[in-house]
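Heads up, the chain below is alone and in the form predicted alone; it's given as structure tokens.
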């Protein structure tokens, strides 16, 4: 919920007001030129319409309290909100607008409902591919009945974060990772539950499996209670995004980087919920990192850094990224590298990471679906062009497999192959 800011001057004239002023001025000049009172009488209401509308409206930006919430499932994103106004503002004079967030496509016109003292709005979008993006606050404007003057309501409403990931991401956190740093004084009980030592009871959540339900305690309490376990750390993981530009071009690189950001955000959240430590590295021109950490605060830091990720210049040496990683993270850390594998420098980065003792798993978003969507392939031989692209892609993936396990991520809404690869113990012993 957002609180209204102190009123400030923000009166603006619309193009219609300037048109009326111009028409009134022309009539005034014409009446003086022909020495006739008729144009003067016609010019008077046109000249006074704008000032009268401004004088009859509020003296400052409307005082508004706004509540917003994001909902939706799978690919759907729904923004629902409510703006409450004071008795001096009529909701019929308010208009709501919102620019479409990056990566989201509108699926229905905005829904606006007005009551006596409030304004309710709803915006619907669809994520064409996995994404993590900021949904800005709506723009609420007071406009007079004639549409001559307007004031923008000012309220403190930070952007909301919309995340849409492949459904398999929720299962990634259950993978047992390699522990790189010992926890001083950590001991384990001889009786360990399915996910750790027994800690206590809590209200059962809809997603709790039946084996976590404490049926005896639920029978005594008359409601479902679940066992809560003191989870010990499962290990450490580094999410490394190769944000350098490639030969695919800035447009394709930006969309592939957006896919990598979305996947990295979902994987980080899944591991952090299982008490693992997660670090993030963004390798553009230089390496920008979020050090290893756990907990809710770390989740917020990771999400904030991923939202700020931008494409770097091409031609940055791969060894620079591997050397920078070794300065911030200990060797032996399970590393998930997000790379397009469009150029040889991407394979070089995997090689340099392995030489410095980082067991790496490569998740590579493919550019082939984007190329087909953009219509850049020859129309006459599109099937042949796609086959050639896939053969070239297969060759690059095979080259990378010689250095580290690699997943060719072409179906953006499925990470089943990546989850299965991550579960194999052999992949954690590589390097």
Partner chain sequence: MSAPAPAPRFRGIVSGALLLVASGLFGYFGTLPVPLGAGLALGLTGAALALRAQARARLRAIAPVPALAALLVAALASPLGLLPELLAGMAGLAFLAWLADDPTRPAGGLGRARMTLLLPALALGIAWASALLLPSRAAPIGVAGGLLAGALVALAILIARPGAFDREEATI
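Between two forms, the rigid core is defined as the largest C-alpha subset superposing within 1.5 Å. What you see is a predicted model; the values in this text were computed from it and never measured. Numbering follows the first chain given and starts at 1.
Note that the form predicted together with the partner chain isn't included here; everything after this is about it.
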property: Partner-facing stretch of 359 to 367, 35 to 43, 401 to 409, 387 to 395, counted where any non-hydrogen atom is within 4.5 angstroms of the partner chain in the predicted bound form; result: 35 to 43
property: Residue 304: touches the partner chain in the predicted bound form, heavy atom cutoff 4.5 angstroms; result: no
property: Touches the partner chain in the predicted bound form: residue 320 (any heavy atom, 4.5 Å); result: no
property: Residue 421: touches the partner chain in the predicted bound form, heavy atom cutoff 4.5 angstroms; result: no
property: 4.5 Å heavy atom contact, residue 92 to the partner chain in the predicted bound form; result: yes
property: Position in contact with the partner chain when the complex is considered in the predicted bound form, options 98, 252, 160, 324, heavy atoms within 4.5 Å; result: 98
property: Stretch 136 to 166 - residues with a heavy atom within 4.5 Å of the partner chain in the predicted bound form; result: 143, 144, 145, 146, 147, 148, 151
property: Cα displacement of residue 395 between this form and the one not shown reaching 2 Å, rigid core superposed; result: no
property: Post core alignment: residue 405 C-alpha displaced by 2 Å or more between this form and the one not shown; result: no
property: Threshold 2 Å Cα movement between this form and the one not shown at residue 69, rigid core reference; result: no
